[in-house]
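First come two forms of one protein chain, each written alone as structure tokens, so that there is a structure 1 and a structure 2.
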Structure 1
């Protein structure tokens, strides 16, 4: 086990794991801090990196610190050599945290002298120049993040933003040094350390910058960053002779069995994906929130209806609806109640599908995926090949693995459901 990662949310964890796999590291994502004292025996030797997915982005800073330290403790006992604290590429945080407090607590626990802070992800149009974070062509503070309900970002200058939530001194490695390459970045780290800086915001505007930053951080015990910086790290381990060139980092077990799609996301993209599936003439069963609220066992009825359909091909179960329809349902049931009812029904359907021999399951919706994963008792996922940017196939652990594709909100092309199932044809 080489790289131990702590991510502050679930989809961010998958995004990071996906980047690591694509750079040649076999990667396991755990849901929360594993309860076992150390990694299961078969795991050791089978993965190069572990990403612990927390839900710590917007909880109290003290709680985020406690959870992150627990994750670090587990990763250290698992034998990881370097640690990565992953946050959002828009640096989602408040003056109370949680990026600064978690970064400082991890540095203290690791006795690390300096750590970078670099949310840049040029592939997704997140770049940093002179400490200022840009989302596409606009500064962070002019982007949609300005009015985020939980973490409104009203200052684009990351040195200021991070300093406001940190006790340690924050400095900048400007793009002029980054563009000059690994040696210049290292020299700048040394200069900053001499000035007492312990957290260094690092500029990056393209993937070459990320590779140079990765190389310059080879000796850092802790890296704090978005998922972009991860593309430069596997090369360090290869150079050190610790990581062979792997052609099979994304390999998942083949699982004969049936396939299905569960969709609880009501995003524009997901509405298009459901429409595409139905237009292509494939089997689909609609889940009606009002029928659930009416007290009927909608999940059992849907599963009974699916019994014969599943024999001839994959079936889609969808609560997905257009925004007017969702609003009408929410007005009748309340937003939280409508969401919870639908999530519970879809999770019960997922359980029923596994009992009916489904081994490949696509789930659309972040909260929906969370409910399904919880209902299936999934604690860790091996990350497989990418379907669309940020969304890989994954496999549950154990003797009878299930392949899961967990897609949040607006991800994926219009033919995502069809395409993903074709990719893992049994």
Structure 2
């Protein structure tokens, strides 16, 4: 295996894996750190990259570091040549972490002199200019992420955000250097190192920038970034004669059966996707956090309601709500408890759907996706074709595969739920 990746949430892991597959790397995503030793020879021969999906974005920084180091240890034993720490393209974090602490711990373990920090993903309208992260045409601090229930982002300046989390000095590779190409980027890395900088925020406003950054990082043992930078990495391995051209990297099995959608994200994008599904006349069942807190078996009731609906077509189960409603629920239950209640209920619904013959399942929201795949006992996913930028279909491993689309809350077109199921209609 060539590239070993550590992602801080499950949908972010599939986002990264999607970009690697589209660039011709056969990619396997594991759910958590595998419990066994390094991959055996057959697996190593069938996979070019592995993405270890953690659920570490919003946990305590010390625990995020411990989990990330465990993942690194497994990937090193698997023989990976380069390592990638993946976080969200909106740099989701708090003043305490977890991006800075995890990046520094990985650098120390690998004895890396410098590592980039670049969440840019221009295809999904995430760009960085002079160290400031933009979502579409607005700074991060003016976007919907300003009011994120777990990781509100009130500062768009990534140098400042990362420095608040890090002991090491943080610097900037400005777009003027990036636009000048690979050699200029490398020269700026050297200049920053001479100044004592160990973490370098890198500007990027288009895919050409990402390819140049990827090429400049060919010799870096560790890269920390969003999924965008990954598009520039496979070519490094090809130039080194380590990766052949692969036309079938995204192949998945055809899987007949029922289909459903589970949505726990409350992002603006997912709210629009839920609205589109309902407006198009498709079956939908709302999951109320307050009803769960009241002690009722909301999951069982929702599944009972869905029994007849599933016979006619896909059903959406959603806890998605506008930010004002989310805040009201959190005020009554507490932020952590409200999220945990919803995650447990949606995970139980996912289990019930599989028992009812659902084999194609779309899940919206990183925390929700993590809860669902853990409840289903999924240990690894083969990455398949892209649905929308950053979101592929995946297949569980084994004799009876299930197709899963794990969507980050902020990703996907308004018709994503409908479009994704049409793509794998058996």
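Basically, rigid core = biggest C-alpha set you can superpose within 1.5 Å across the two forms. All of these numbers come straight from a predicted model, not from anything done at the bench. Numbering follows the first chain given and starts at 1.
The form predicted alone is structure 2, not structure 1.
Rotation of the smaller rigid segment with respect to the larger between structures 1 and 2, from C-alpha superposition: 22°.
In the core-aligned comparison between structures 1 and 2, the Cα atom of residue 389 sits 3.2 Å away from its counterpart. The two forms, fitted on their core, place the C-alpha of residue 365 6.8 Å apart, compared between structures 1 and 2.
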